[in-house]
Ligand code: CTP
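The form predicted alone is given below as one chain in structure tokens.
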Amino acid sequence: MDKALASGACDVSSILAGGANIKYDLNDMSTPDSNIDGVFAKNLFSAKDFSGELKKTLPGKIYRLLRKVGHIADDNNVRVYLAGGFVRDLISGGRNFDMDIVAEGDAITFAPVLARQLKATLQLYPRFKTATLKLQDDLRIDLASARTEYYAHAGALPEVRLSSLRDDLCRRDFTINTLAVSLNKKFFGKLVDFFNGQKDIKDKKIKVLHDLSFIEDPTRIFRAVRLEQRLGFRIDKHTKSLLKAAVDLKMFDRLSKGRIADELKLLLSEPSPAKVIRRMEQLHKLKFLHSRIKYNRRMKNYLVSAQKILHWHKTNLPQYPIQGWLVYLLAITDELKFRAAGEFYAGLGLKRSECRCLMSCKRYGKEAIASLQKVKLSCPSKIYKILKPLSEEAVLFLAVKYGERNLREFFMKFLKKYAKIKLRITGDDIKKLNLRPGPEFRNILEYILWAKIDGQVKSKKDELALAGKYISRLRN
């Protein structure tokens, strides 16, 4: 690729003139230098020493772990660096213990050595030259080879090859994510800042490294908005113009639905998805998802209410984790009819279980609301029968959508109490009552469960007694 293009001296629309066969080589942007002492000699390291901040800010076990990683790397002649969000948040005052470590050299070779000495389980990803180490206390290290990337066409997954730290940082999405901290003993805590990332963190700006950033990888559009809203930063003027140009050039169309789904899931898992969706709408609308998905006051209210409902669930039912992002997705797609919604969810490449969860709301939601309006709160088993066909995420969305109709307590009672009630007896206990296995087993167990939900039975003895009465009636 022409170096003038890499430096940003171009109109991004001209890049697409050659269609999908254009190749991007980010190596043109950098000046490789894998010798760390040479890098210091050229003053490419910041004068600031972050070793003190590491020791002061990090929990002791993480600080000691990083020192140990550096020592193991020294013993194996490998240069290792903390990089990305960990360093960004260390500088900005955030709290982020996701350890992304870059190794100059082949991480696939170094990872087993590191895992053995840290007593960690290891997962290797040879295609991308990366590895994941899982340690005790739920600690995790993502280890990657310093590499450069090639994009066969806009929106494609990258092809990688081993390279220098500078090349690796050069391929990052935004300047605030290009910082690295050395872990080797000689230079432990020294900061690498080739692209003025510290200044952009201080100025609270989201900036791409070059003008082709959103062209080579349109998912960075999602990440720009997520970071902006999570960190309280702002996308800078030039980056915003590049983002909008990429959207106008329909770069989203070059992404697979699966990649869009992955980014959408991350976006809806942010602390405040309502803010992120609103910002996405401001920058480029939401029609790239579906022509009928439009941000309006109703969607805004649903997203804000969903955040409150999910907080309630996390506070009151922490032992029953759910997929909160699905609740937000239901809010976004509420105006899609049954068939259109099914096609949209399937087109995103969601898991079958996720599609079932979402479609239960489309299939049973309206019917459930109509039925709830005819029952009393004092009839627990009837509430259970109405809401049981719905996933918990669907029930939470119905609480969002219909909470103003004096129905919220129905949903809360179901989620907090009725849905959690289980029988102590099983089919084996029914067999012992001299009833042959068959379809009636299910009817008996449902009947006893409804009685238990209504408070008519409490102990296993009560359940067995009621089962016996039910069977007696069958035989008579």
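Quantities reported herein were computed from a predicted structural model and do not represent experimental measurements. For every residue, the number given is its place in the sequence shown, counted from 1.
Not on display, but discussed next: the form predicted in complex with the ligand.
K.L.:
Can you confirm whether 337, 343 and 362, the three residues that make up this candidate site, all sit within 4.5 Å of the ligand in the predicted bound form, judged by heavy atoms?
P.N.:
So, no: the whole triplet misses the ligand.
K.L.:
Have a look at 240 to 248, 194 to 202, 298 to 306, 79 to 87 and name the one stretch with heavy atoms inside 4.5 Å of the ligand in the predicted bound form.
P.N.:
It is 79 to 87 that comes within 4.5 Å of the partner.
K.L.:
Residue 354 versus the ligand, in the predicted bound form: is there a non-hydrogen atom within 4.5 Å?
P.N.:
No, residue 354 sits far enough from the ligand in the predicted bound form that none of its heavy atoms falls within 4.5 Å.
K.L.:
Hey, in the predicted bound form, is residue 184 touching the ligand, heavy atoms inside 4.5 Å?
P.N.:
Output for residue 184 is no: heavy atoms all beyond 4.5 Å of the ligand.
K.L.:
Can you tell me whether residue 74 touches the ligand? I mean in the predicted bound form, with a 4.5 angstroms heavy atom cut-off.
P.N.:
No, residue 74 stays farther than 4.5 Å from the ligand in the predicted bound form.
K.L.:
May I ask you to check whether residue 217 falls inside a 4.5 Å heavy atom distance of the ligand in the predicted bound form?
P.N.:
Flag for residue 217 set to yes.
K.L.:
Looking at 382, 129, 226, 279, which is the one with a non-hydrogen atom within 4.5 Å of the ligand in the predicted bound form?
P.N.:
Result of the distance check: 226.
K.L.:
Tell me, which of 100, 236, 262, 106 has a heavy atom within 4.5 angstroms of the ligand in the predicted bound form?
P.N.:
Exactly one residue meets the criterion: 100.
K.L.:
Counting only heavy atoms, which residues in 170 to 197 are within 4.5 Å of the ligand in the predicted bound form?
P.N.:
The stretch touches the partner through 171, 172, 173, 177.
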